[in-house]
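Next up is one chain by itself, shown in structure tokens, the form predicted alone.
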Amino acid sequence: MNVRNPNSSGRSSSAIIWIVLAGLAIIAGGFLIATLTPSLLPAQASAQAVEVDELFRFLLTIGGAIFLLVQGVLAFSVVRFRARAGDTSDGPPIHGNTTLEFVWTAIPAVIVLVITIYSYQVWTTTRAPQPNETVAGVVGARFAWTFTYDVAPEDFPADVDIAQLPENVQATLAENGSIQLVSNQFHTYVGQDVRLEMVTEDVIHSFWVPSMRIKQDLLPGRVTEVRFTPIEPGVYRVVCAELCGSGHGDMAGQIVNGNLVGGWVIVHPDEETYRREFLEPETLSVLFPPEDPVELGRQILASGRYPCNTCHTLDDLGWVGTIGPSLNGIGARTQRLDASGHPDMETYLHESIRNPGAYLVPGFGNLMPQFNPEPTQPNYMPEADLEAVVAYLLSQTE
């Protein structure tokens, strides 16, 4: 005759209650981890950042719950099944449990399937083309970012008459009358869908804007792209996330003496402010360039059209690079003529830009890109730009 132990029912009920409470605590802990951890991240500055962070919270909820479950079971086992004082016997010969093995295989499989579907949905949504997106170019080069914008005639300031533009400027207009702006920071405004088409002039770079939650590699011989839609005005740091050489850190956005140096994304609060503070002044500077070649050269270098600022020091433009020789007083350094064999500083500077490896200043290696005279060649620099840049550098005598 079997007699049921009346205490066994109470112990079973108590065990179920504890298991339920532990399960609720684990789930609550997962939600708490998912809620608190993202507060350590940069502020969300794009619509894509919101979607990416929601996915991140979902992963943290699952991962946090599993972490607490594993650590909880581990702690319980250490206490519950510890060897008692004086107990030298072996543990029970447990060799397997088919039901348990099925459960702990099926549950992770379902979790992985859900994560895969959710991640793919976020990936396709954040990369989907938008109907009114603006397109800009990004060039990564050791060691600077360069951003290019095509400005159509309808976006020119209202008082600009194309027929009245200088002949040399009209000759540079595209077939549709547009011009190209170049800057070492990227400007846009809240709500504007953006597509960046990116190329590299040398090695692999990686365009990363933490606040936008976007990151895309730039690969030699390929055009890669990334999309984002700003939702908060501000100034956001760009970082190169791929080690690209000794000046790699200089490609990250920095503030030096109150000036923005390196890569930055500047988001204006609205389109009107964007046009007033960036688009119209930059457009006018291209449509009506200075006649003085010295001023023109300064304007060209200040625009960031060529990646000189991260390698050289030049107080007049606020450059603080240390990878290349300082350009302060370059126009008066006649001692380089004796070493290089050039007849004058104008010829020396011209040759140093077109063929930077022809003569190296002692103590510096040849990291400078070669600026070529043909549009089909990489690092294209028109002869007119070169002459203006040389004229400006010759003016730097102190």
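All values reported here derive from a predicted model rather than from experimental measurement. Under this definition, the rigid core comprises the largest set of C-alpha atoms superposing within 1.5 Å between the forms. Don't overthink the numbering: it's just position in the shown sequence, from 1.
Omitted from view is the form predicted together with a small molecule, to which the following refers.
Participant: Given a 4.5 Å cut-off on heavy atoms, tell me which of 24 to 32, 55 to 63, 40 to 48, 346 to 354 is the interface stretch with the small molecule in the predicted bound form.
Facilitator: Contact-bearing stretch, as computed: 346 to 354.
Participant: Taking any heavy atom pair closer than or equal to 4.5 Å as contact, tell me whether residue 69 reaches the small molecule in the predicted bound form.
Facilitator: Answer no; every heavy atom of residue 69 is more than 4.5 Å from the small molecule in the predicted bound form.
Participant: Considering only heavy atoms, tell me if residue 304 and the small molecule come within 4.5 Å of each other in the predicted bound form.
Facilitator: Output for residue 304 is no: heavy atoms all beyond 4.5 Å of the small molecule.
Participant: Indicate whether the small molecule has at least one heavy atom within 4.5 Å of a heavy atom of residue 365 in the predicted bound form.
Facilitator: Close contact exists here: in the predicted bound form, residue 365 approaches the small molecule to within 4.5 Å, heavy atoms only.
Participant: Taking the small molecule as it sits in the predicted bound form, is residue 200 in contact with it (heavy atom to heavy atom, 4.5 Å or less)?
Facilitator: Answer no; every heavy atom of residue 200 is more than 4.5 Å from the small molecule in the predicted bound form.
Participant: Just to be sure I understand the contacts: of 296, 179, 327, 139, which is the one whose heavy atoms reach within 4.5 angstroms of the small molecule in the predicted bound form?
Facilitator: By the 4.5 Å criterion, the partner-contacting residue is 327.
Participant: Of 213, 268, 227, 312, which one comes within 4.5 Å of the small molecule in the predicted bound form, counting heavy atoms only?
Facilitator: Only one listed residue qualifies here, and that residue is 312.
Participant: Counting only non-hydrogen atoms and a 4.5 Å threshold, tell me whether 219, 237 and 261 all contact the small molecule in the predicted bound form.
Facilitator: Judged in the predicted bound form, none of 219, 237 and 261 sits within 4.5 Å of the small molecule.
Participant: 2 Å or more on the CA of residue 368 between the shown form and the other one, with the rigid core superposed, yes or no?
Facilitator: Yes; that C-alpha moves by at least 2 Å between the shown form and the other one.
Participant: Superposing on the rigid core, is the Cα displacement of residue 354 between the shown form and the other one 2 Å or more?
Facilitator: True for residue 354: a C-alpha shift of 2 Å or more.
Participant: Quick one: once the rigid core is lined up, does residue 36 have its C-alpha move by 2 Å or more between the shown form and the other one?
Facilitator: Comparing the forms between the shown form and the other one, which are aligned on their rigid core, residue 36 does not shift its C-alpha by 2 Å or more.
Participant: Did residue 322 and residue 146 drift closer or farther in the predicted bound form, going by a CA distance change of 3 angstroms or more?
Facilitator: Compared with the shown chain, residue 322-residue 146 is farther in the predicted bound form.
Participant: Looking in the predicted bound form, are the Cα atoms of residue 144 and residue 362 closer together or farther apart than here, the change being 3 Å or more?
Facilitator: So the answer is farther.
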